[in-house]
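Shown next as structure tokens: one chain only, the form predicted on its own.
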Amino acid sequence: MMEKYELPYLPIKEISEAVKTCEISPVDLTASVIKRIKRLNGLLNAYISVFEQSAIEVATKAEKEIRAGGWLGPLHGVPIALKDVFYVKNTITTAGSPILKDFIPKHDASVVKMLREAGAILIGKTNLHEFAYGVTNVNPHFGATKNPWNLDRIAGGSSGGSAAAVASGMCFASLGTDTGGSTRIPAALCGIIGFKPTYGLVSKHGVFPLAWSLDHVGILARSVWDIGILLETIAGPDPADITTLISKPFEAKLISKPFEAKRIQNFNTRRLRVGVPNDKFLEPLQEDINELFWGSLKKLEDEGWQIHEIDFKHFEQLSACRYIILLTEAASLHARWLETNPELYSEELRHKLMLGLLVPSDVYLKAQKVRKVLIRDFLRAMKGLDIVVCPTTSVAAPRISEEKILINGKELSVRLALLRLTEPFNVLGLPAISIPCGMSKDDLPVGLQMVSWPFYDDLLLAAALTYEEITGNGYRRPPL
């Protein structure tokens, strides 16, 4: 019998088998997670709300169903968290702002509905950067989420509450969002896995938006397998989200035999062709992150992965496009509240949104046109490659109070140091994943980012799984 104190840290793969065979009760599982939230949330500030009563009720129902032979699959009876931008019927959704403190959706987000149908237990709503517009998760209204590896450090954002909750055993996985790196950045800083699927693979219906053409629903978990089962649960066309209607069916079957999927078996993940961006894109990097990154590549090369430089010189233009598109789309969404309730925004966010109102429409349209050209050029540069790899962030988790950071003699804003290696892949709409690749000299987690072709999310997960096997890098418990 598994020890109860171990339960919150186990991977979903192991937990789901024990739940299926009734070795673990969903009620005990959920109670252990709630107990951990009560113990740690005062330290980490990861949750805005916890669904204690309803979670126990759903867990009790799940236990009865499973004992009667009605096991629904690997998420049945497993507690999952949601970033507080996902609509949950009859439950307040704040998006991290007092503007929505009384907003109660009348329906579930499409992905929330899918989780319920899979038997998952919704455990609570996690903290985030105000309206998901930032990368530190220092929220002036709900407080900063703290990094479980060091309480003086940020968890990263905007899905920082989700990352801290997953890393510290306060849930088994969480859904987040990613507009410029908001699942991958906090995942890297907290030592877990953060995944952004191809744009259009997962429905955003019922998810409070930041910028509609850049937003992705993301997944945070402690293993690649866990990411795969959640993606398999929530991926696919949704009539309520027209961006999903152009997507191809998701074919990977990662539930039990991850390399037997129709498409994955066509690739030898021990002989992948890997692109590395040029030095201009990678620099500056914190010295120990640079060493961990190239050390990881050396291990992969020793196993047969072929490392090449990717010939693409327009990452700065991608970032400029994202900046214009984000400013404009976010400002248009908030225009009415900026006029009626400007005092309810933090000063920082209010200034960003007001700046977006000043962007001329023709500048926005030009940015979208340039974006299409850059997507075409990047895919041309990827020809002959399976994936592209780079560090997830330029630095390990900064201190909560830091605004500027010195990297190899060059001063960067914390925002740029965290964002610059992830944001291009939101403009491109490509699947991207951050996986742990070691610890910094300050004993803080470091992430490696992998990117693949559009709708080759299954190949990307297979590559990440192989990386785990080759390097042995993976989730570690934070010292809480």
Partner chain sequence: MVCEYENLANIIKARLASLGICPSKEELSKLSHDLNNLLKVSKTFDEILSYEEEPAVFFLLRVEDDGEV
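Numbering follows the first chain given and starts at 1. Remember, it's a predicted structure, so these values are computed and weren't measured experimentally.
What comes next is about the form predicted together with the partner chain, which is not displayed.
Contact with the partner chain in the predicted bound form, judged as any non-hydrogen atom within 4.5 angstroms, is confined among 162 to 170, 361 to 369, 141 to 149, 81 to 89 to 361 to 369. Shown without its partner, this chain lists 387, 217, 397, 321 as candidates; in the predicted bound form, only 321 has a non-hydrogen atom within 4.5 angstroms of the partner chain.
Only one of 404, 351, 280, 380 lies close to the partner chain in the predicted bound form, with a heavy atom inside 4.5 Å, and it is 351. Not displayed here, the partner chain is kept clear of residue 290 by more than 4.5 Å at the level of heavy atoms in the predicted bound form. The partner chain is not drawn, but in the predicted bound form it has a heavy atom within 4.5 Å of residue 242.
At the 4.5 Å threshold, heavy atoms of residue 314 reach the partner chain in the predicted bound form. Although the partner is absent here, residue 72 is not a contact residue: none of its heavy atoms lies within 4.5 angstroms of the partner chain in the predicted bound form.
Not one of 24, 59 and 104 is positioned with any heavy atom within 4.5 Å of the partner chain in the predicted bound form.
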